[in-house]
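Here we start with a single chain on its own, the form predicted on its own, put down as structure tokens.
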């Protein structure tokens, strides 16, 4: 029973962290229309920063590691700095990668950023210890709480779920606020949104930074749980798993995103562990990625709205009168939407 309980609690922690990842991408792509193919970079910077300020000075016990700053900050400061790091990196990338550029070009730029960041982190030993990465990261309050290993597992489950619920409340509030309605307008009718006087460049940068902060937080939570991080843990393909979960569950619907996260990275990727060995070693892992790609394409073909579609925004003629002055249908709908919100 102890082994199964340990396994279940581990899955719950991974589920909560994956949900945070999906919240980040859903806010950026689902509401902001930003195809962020470099999501994993912002999760990775959060993980690296949380590790770097936790490891402490080099004691010689782990001589293969290159320590950074020599800091050992108390809980929960590493998570705060991981969140700030994700936001800061998003700001830098967004200022140069999202300004006055078509969405398909933005997606290409962000994918290139992901590839460059991965190569830099892997090759530069003095940054985050190169391809070996960082390890030996202590769990927060692990020496303070007088708990068994399994008891600590449950504490971390409650901690990650509490953060997940708090972030859920935040993104729901943001998405239903006037700011969130402006995001929908920018996503669906950018030219008309600009004509209403909304600065879409600033709006796009804002949602990109908020999503990056959530990604950094998820990375910090993950590295504090597993105690290690290396370039092998954040290939760009990991981003596509999150995208697949969003499309399967229901893009722009946070409950759908949670459902998709449960189905794809948790249930689907864990079920093969219980299958008997098939073919050569590594075959099942390779087939998993093929099936994930097929799930994404199948979702786009047969049910692009996902299992739980986005709630439609209802605007009733005459509720706001002539709000644009020009009387255009697009302008009326956008202005009404920004004022009224979801129906």
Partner chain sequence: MFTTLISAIAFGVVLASVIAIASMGFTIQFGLTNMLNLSYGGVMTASAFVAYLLVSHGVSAWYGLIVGGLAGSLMTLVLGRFVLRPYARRGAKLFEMMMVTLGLALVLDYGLQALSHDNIYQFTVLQSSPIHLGPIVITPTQVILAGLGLVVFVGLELLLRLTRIGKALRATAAEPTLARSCGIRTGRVVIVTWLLSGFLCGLAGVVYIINSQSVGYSTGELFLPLVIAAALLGGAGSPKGAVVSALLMGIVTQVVAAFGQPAYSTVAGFAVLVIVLLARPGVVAGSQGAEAQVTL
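Numbering follows the first chain given and starts at 1. Between two forms, the rigid core is defined as the largest C-alpha subset superposing within 1.5 Å. On a predicted model such as this, the values are computed, not experimentally measured, just so you know.
Omitted from view is the form predicted in complex with its partner chain, to which the following refers.
Q | Site check 108, 189 and 247: each within 4.5 Å of its partner chain in the model of the complex by heavy atom | A | Affirmative, all three are within 4.5 Å.
Q: Tell me the stretch among 150-158, 77-85, 133-141, 232-240 that has any heavy atom within 4.5 angstroms of its partner chain in the model of the complex.
A: Single hit among the candidates: 232-240.
(Q) Considering non-hydrogen atoms and a 4.5 Å limit, does its partner chain approach residue 293 in the model of the complex? (A) Residue 293 belongs to the contact set for its partner chain.
**Q.** Any non-hydrogen atom of residue 103 within 4.5 angstroms of its partner chain in the model of the complex
**A.** Residue 103: yes, in contact with its partner chain in the model of the complex.
Q) Even though its partner chain is not shown here, does residue 116 get within 4.5 Å of it in the model of the complex, heavy atoms only? A) Yes, residue 116 is a contact residue.
Q) Does its partner chain come within 4.5 Å of any heavy atom of residue 35 in the model of the complex? A) Yes, residue 35 sits close enough to its partner chain in the model of the complex that at least one of its heavy atoms falls within 4.5 Å.
Q) Counting only heavy atoms, which residues in 287-307 are within 4.5 Å of its partner chain in the model of the complex? A) Contacting residues: 289, 290, 292, 293, 294, 296, 297, 298, 300, 301, 302, 303.
Q. Relative to the superposed rigid core, does the CA atom of residue 298 travel 2 Å or more between this form and the one not shown?
A. Yes, shifts by 2 Å or more.
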